Structures are given as structure tokens and as C-alpha cells.
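Two forms of a single protein chain come next, each set out by itself as C-alpha cells; they are called structure 1 and structure 2.
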Structure 1
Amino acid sequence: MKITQNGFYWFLWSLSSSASIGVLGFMMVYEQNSTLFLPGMTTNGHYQIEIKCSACHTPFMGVKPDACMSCHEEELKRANDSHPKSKFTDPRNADRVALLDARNCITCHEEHVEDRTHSMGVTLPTNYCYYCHQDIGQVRPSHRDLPYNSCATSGCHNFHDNTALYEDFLLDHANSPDLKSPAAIPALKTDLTSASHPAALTRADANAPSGMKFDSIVYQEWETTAHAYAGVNCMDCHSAEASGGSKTWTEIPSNEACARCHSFEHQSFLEGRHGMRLAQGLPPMRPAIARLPMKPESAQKVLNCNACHSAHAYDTRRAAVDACLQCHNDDHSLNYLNQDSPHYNLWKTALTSDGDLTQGVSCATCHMPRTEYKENGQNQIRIIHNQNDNLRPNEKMVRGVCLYCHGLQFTLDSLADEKLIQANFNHPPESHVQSIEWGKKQNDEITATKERKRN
């Protein structure tokens, strides 16, 4: 059969089209990679999982609110969300929902719109407060001349976590000094003595399979940690059973082995940018694909529990600073080590004097704060391992971190000063947030009105 020139071209077109469809289908189904179909750049918070569209999108149904809540629900609970969905499903607020449907996360938070993405990696309109609070100038004279889109950009108000900016809170802390005597930061029990741990193990008790040879340093590191003091033996972590399998030796324990005892820490780790890929069943995060500046030598490091906590020593002192700085190469991180860094100087003092480490300020002090967590009806101290939890926006750090040592006005001014943040807080803030002053003025006006009515 003779093939015409046009027929030959049609054959080539059909063949190349079939091959392209096959390659794209393989990427989507087997490699779970759909990046070729992205309509625009993904935000800093989600780009790690952009190869798995199904993490957010339901076929033919768009992005459902449940997709957002599957990752962010626990974070919103901890923040005591000041604008929960229930506020907008109330029929009394139907008129407001008609203007701004705040029942759906994507009303304010969009993806693939680079021109509307803020520096913290989220999309957020600046005028959303106006839809429900158009009368604020009448209710609060201090707000009368403010731009309608300045509510959340001035360091005064947040949509989800406003607990450090409520007027009563502002007034209660209005006169606190810039630097306070360090308060009692919640501390974990760190008494590693055999007297307080009768089940403490030594290398003679190690139950690794016979015939396996280990460097003596491995046993030395293990038997001086909380694991050995609490009776946690080799097979408790190294058996496949610890990761949900059979009781056979596994060389490298998975994160699930850690989660058996550290469920809160593991869950919060999966919520943050270090662990979010693992939460979606994807390969772990590596600094090589980070958008923040990272040190080249750390590029292929796999981010799991042992990336920060060494395999056997589990030295929390190392994890609190050294583990962070072995990867992060941005100005804020690098300036922590400067000789004029007050936070680092406090940390060095705490380390060299064998004092209470809660009196030092490490990277983890601010970005992985200790928090009270109710477990079996009792309050326990746990460490949030989602290092982004209090950065969106950074005013979330006020109550859980900064106020232990600093006054509220000093804190608000510091967190609003971008240059100071990059310098890692090595000098007083140059920005000024007026919310406390306005709160005082409003309170004085209310008091004066009440006084006039009494007279």
C-alpha cells in the first residue's frame, strides 16, 4: 500500500501524540507528577506537594474545604480560630456570607496566582475585613481615617489567630517593660539519672541480634540518653514491628517507629514544611528542592526524625540549633550566630554554665515552642514540631514565645520590623505598631462616657 506524504505526516502526528499521552499518563499515575499541568506557580507552602494534585483537588469538583482541613485543622484548633466556619454557617450571618463566603478557604487563599502571593507564601486579599466591618470608623473613632485594606497589613489584626491582639489582652500588657525577667518557660523533665529511672538499661542489656557488630560509640550514645533510661531497647525501635511490620530487625527505623511513643511530635512534624511530603505519601523533603536559601552541602539530606535528632544520641541541644543551621542559609538564620546576637549569647551561657536550657534562646525556643497539651485528662508539656506553626502570621509568636521575656509593645514592634527580623533581633525595633495606643484611647473614651452618664 502506498503511503502519501500527508498520510505519513498524519502517522507521525498520531505516533507522537500517543507517545506524549503515554508519558504524561505515566507521570500522573505512576510518578504522581502533574506539574506540567500547573496553571501557575504554587505557593511556598504547597509547592512541595504540587506533584500530587489529588492532595488538594477532587476530580471534576475543584478544591473542597475538607482538603484544606485535612492538613490545617489541628493548627486552627491550637490557634483557637477566631473566625471558625461555624460563624459563617449561622443563618444570622447570611448577608455577610453573600459578600464574602468565608465558609470556604479558597475564597481568600488561592493557588497558582503568583502576582497575589505574599512573602510568607500565602495568597490573601488585603480588603477582606471591609466586607463585614464597614462601620468600624463609627464604632472606633481611632480607626476612622485608616485605609480599608490596612487591617491585617499593619500588624493589628489577624483573621484566624487574633488572641495576642484582642483589646483586653493589649490593655492587660500595655505597660509591660521591653525586657522582663525571664518567666518560667514550660520545661520538660530532663532528670537522666538511674535513680529516677529504675528501668534504665546499659549496653549489657542491649537486645540487638547476636552476631551483629556495632561500634562501641553507638552503645555509648544510646545508654546515656532518655531512651535507655526509660527502658527503650534496640528492638523497640529497630524491629519492623515498630513500624507496623513483623518483629524482625530493620537497619533504619522509619518515622512510624518514633511515632509509637512520640505521636504528638510526629503529627505536628507532618503538618510543617519539613514533613508535609511524608504526610502525602511522597518521598521526604530534601533541602535541594527548598525555596529558602540552603547550604549546598545539605542538598540531598533526607528530612525525617533523624535529620535533626541523631540516630542514637538524640541530643536535644544539638537539635535546637546545630541541626537547623546545618541546612538553613538565609540572613535570619546566619545572623543568629553573630557576636551581637542577644539570643545566641543567652544560649551559649546556658550551655557553658550547665544551667537551665530554658533560660537560653535557641532556634527551637521560638520556632518549635513547648506547649501544654492535655493527655488522658492531665496537662503534659509537648514540643510542636511544625516549625511554621507560629509564622503565618508571625504575631502568633507573641503569646507562646516572645512574652516570656519581652513586653507586648516591644514584641509587636519587633515582629513588624522586617529588617530587624533578618538581622535576628540584634538591635531595638524601628517600626511602631499603634494598636496598644488605640486600645488605650478607646478604653479612656468608654470610661469617660460612663463617667458622664453617672454624673
Structure 2
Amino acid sequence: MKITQNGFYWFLWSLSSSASIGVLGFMMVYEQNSTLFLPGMTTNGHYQIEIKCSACHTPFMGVKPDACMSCHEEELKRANDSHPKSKFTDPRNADRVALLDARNCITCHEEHVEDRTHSMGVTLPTNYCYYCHQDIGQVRPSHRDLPYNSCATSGCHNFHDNTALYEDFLLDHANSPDLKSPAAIPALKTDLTSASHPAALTRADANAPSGMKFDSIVYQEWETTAHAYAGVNCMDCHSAEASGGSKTWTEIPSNEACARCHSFEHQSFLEGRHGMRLAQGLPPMRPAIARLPMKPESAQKVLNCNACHSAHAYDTRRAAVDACLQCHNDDHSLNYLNQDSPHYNLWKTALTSDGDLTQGVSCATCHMPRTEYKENGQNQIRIIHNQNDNLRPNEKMVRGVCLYCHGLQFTLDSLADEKLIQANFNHPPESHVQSIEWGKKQNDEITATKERKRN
């Protein structure tokens, strides 16, 4: 009797699990209600697209071998990844790989395992550098008594991105002053307020279909901003085809309309947490489904190009602070507006009629930095529209943002000070990162040894 019962349960279990695998496969193919099959909470980086199981999984489970790199390859390449897969497929490192298989992203970045997940989707205990660098205390006297969970703390090392932390870079910037003045942020064409507009269009040139009635505010906003100045007419945005093509009126232009002329901005927008759902063909992100604190009144706003740029009045000054604060509601964001915020005060000065926008620090200065980009063989200054591009680990902000105005020691100290970030940089840093001192010491010792050998 007992055996039969067990057998029966076993039968039921196997039936239900094979059925659920079948259903799961089916669900994953059709992506309907597939989140029911999630084994646990998805990481902050991916929850927005979790419904799209197939972005990572093959239909019957398993993670696709190239899933991670299909989206992250470019980013890790730019980060000059100091532990790329190629380091671990090298047979000389086989003994280390036997301890920790770093050829595989999932060794360190599992999914749907909330209780084991740290910042940046890392699912490994924080002292894992130990597996491969047990000899560091002998090689570097400065590291002798350091605990292994301190290697990857702010301002010391990262596993992937050390573009602002490698030794030569530290030494090159060892004696930079806390504040460089004036700032050296590159200017945009549109920063130049005195620019003339020879091709500027006026109301009389507007090519919206005749007979349509519009509020005159539409004309007014268009006529006094960049698009009319640059000769961009109604139908360039309001038709499904590129300019010169079909002239059918589309009431609400899509992001793709903007992408025809602004492909760099559009592409980078799709790569971050504002645009990543659109990149997967999902409905756009809304504050209502966010994990970060958002202003309640913004809940149903839609994250597309016009979340920050209004339909016809293109004022990037408004987009750089006011737009962000329509939605964001965390302490760091709110503290930016405090009276004692030096960056906000610089921004207010920059906004005055004779101010220079490259001397101000807005939310966008840090989170949407300007970068040089080659287009049609010419170097252009473009705005990175992926707010995550330099966000974590935060040393990514060093080279492309802070160093335009501050020295390296001051910057590393500031970015290591979590309270200071919360306060949005309203006082000097209280942390002290020792990397530069240790780098200098090591360098001095090497020079001294060489000297001794020579004598």
C-alpha cells in the first residue's frame, strides 16, 4: 500500500513537472504570463525585461551561451575589461579556473536569487579575489594585511572596469589639484547662444497638411527653437516616412521619427534603464513600475524622447534638471536642489543670460555626459542618452565627467563617500582612498631597486 502511494505521488510529480516544463517551454515561446514561472525576484538590472525570458533563455530553460555578451559586449570592451574570458581560456590559468570558473558570466551573475544578490547583480561572496590572487601580499607589501573583501571597494579595484584605476593612470594624475578652473567640458553647437540661423523656417514655411487646425502655441514653440532654426519642418517628424517620402500625417511621432536624424542619441537611450524595454519591443518604461523612488504624480508618464524634450519647444536646459525631477524622488536627486549644493549653484549661474553652460553641473552633466563621436567621418560632440553608461561602478564617472573639473584624488575620495553621494556633493569628501599613495610607493621602490642594481 505504502509503495503504491509513493509510486502514485511520484507519478503525479513527474506528470506535473514534465507538464510544467512543457507549459514553460510554450510560455517562453509565446511570452504570455511567463513571469509565473520565475523562480525568484530578478535583479535590478534586468527586472524591466524579465517577461522577455527568451532574451536570456532558450525555450526549454538554460541560458543561451552568448546571451550576456549579446547585450554587454560593447560595454565591457569599452571598459577594457581586465578579466575577460580570453584570460581564462588561456591554459596557463587552468588552475585558477578550476577554483572559480570565470569563463562563465553566470559563475558570478546568477539570476532570480534575491537572497544572494549584491550590487551590480553579483551573486558571489565578496572575498572571491582570494581564489586567484592569494600571493598578492608577497608581491605588494602595501597589500600584506588587507582582507580579501576590501579589494573591490570604491577607489581600489573593480573586476571588469579599471579604466580610471590602473597604476599608470593613478601616477599620471597623482598631483592634480582638487579643483581645476575653468572647466573643460566640450561645447555643443546649441550651447552657442549667438549662433545665426540662415536656414531658419518660419510659420509661413510650415508644411503640415493645409486645412488642419493647430493651436498657435505649436507654431510659436517650433519657430523659436532648434528644429525650425535648422530647417526641420512639421512633416520631418509627423510622417511615417523620412523627409521627402510619404506625406501622410501621423499625429504622435514615434521615437523612430527622431532616430532618423538622431541615431546616436536613440541608440544609447535604448541601452539604459530608461529605454531598455523599448529595445525589447515591450511597452515603454513608466515610473509606476519602477523600483527606485518616483514622484507619485509621474506614475503614468511614458519614457520616450518626449519624457524630457517637449513636443515642440526643445530646451535642453530644462531637460537637464527640471525634467528629471518630475519623476525622480530619491534623496540624492532631491538634495541636488539644496541651497548648499555647489553644483546646483554653478548650474544656476550657467543659466543666466551671459552664463556658459559648460561651466555648470546639472544632473545631465554627470548622468548624460558629452562624448566625442565620429559621424560621416567627422568628429561630433554627442550626448550619451544611457544613464547607466557611467553609473556603476561609479569610477566610470571619473574620466568622462569629474576630471574635467576636479583632480583624481579628490574625485576618488568623493565617489567612495556614500553619504556625500546621498547629499549630492554638498561638502568636501570625508573618505580617503589610498590607491595613489600605494602606487607612488611601489613606483619609488621599483626605481630604488633599479638604482641599486645599477650601482
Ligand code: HEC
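Sequence positions of structure 1, starting at 1, serve as the residue numbers. Just so we're on the same page, rigid core means the largest C-alpha set that superposes within 1.5 Å between forms. Quantities reported herein were computed from a predicted structural model and do not represent experimental measurements.
Chemist: For this pair of chain forms, which number matches the form predicted alone?
Modeler: Between the two, the form predicted alone is shown as structure 1, not structure 2.
Chemist: Once both forms sit on the same rigid core, is the C-alpha displacement of residue 121 at or above 2 Å between structure 1 and structure 2?
Modeler: It does shift by 2 Å or more.
Chemist: So, does residue 348 move by 2 Å or more at the CA between structure 1 and structure 2, with the core held fixed?
Modeler: After core superposition, the C-alpha of residue 348 moves less than 2 Å between structure 1 and structure 2.
Chemist: Please say whether, between structure 1 and structure 2, the C-alpha of residue 170 moves by 2 Å or more once the core is aligned.
Modeler: Not so; residue 170 is displaced by less than 2 Å.
Chemist: Enter the rigid core superposed C-alpha shift of residue 133 between structure 1 and structure 2, rounded to one decimal in Å.
Modeler: With the rigid core fitted, the alpha carbon of residue 133 is displaced 3.5 Å between structure 1 and structure 2.
Chemist: Fitting the two forms on their rigid core, what distance in Å separates the Cα positions of residue 92 between structure 1 and structure 2?
Modeler: Its C-alpha moves by 5.2 Å once the cores are overlaid.
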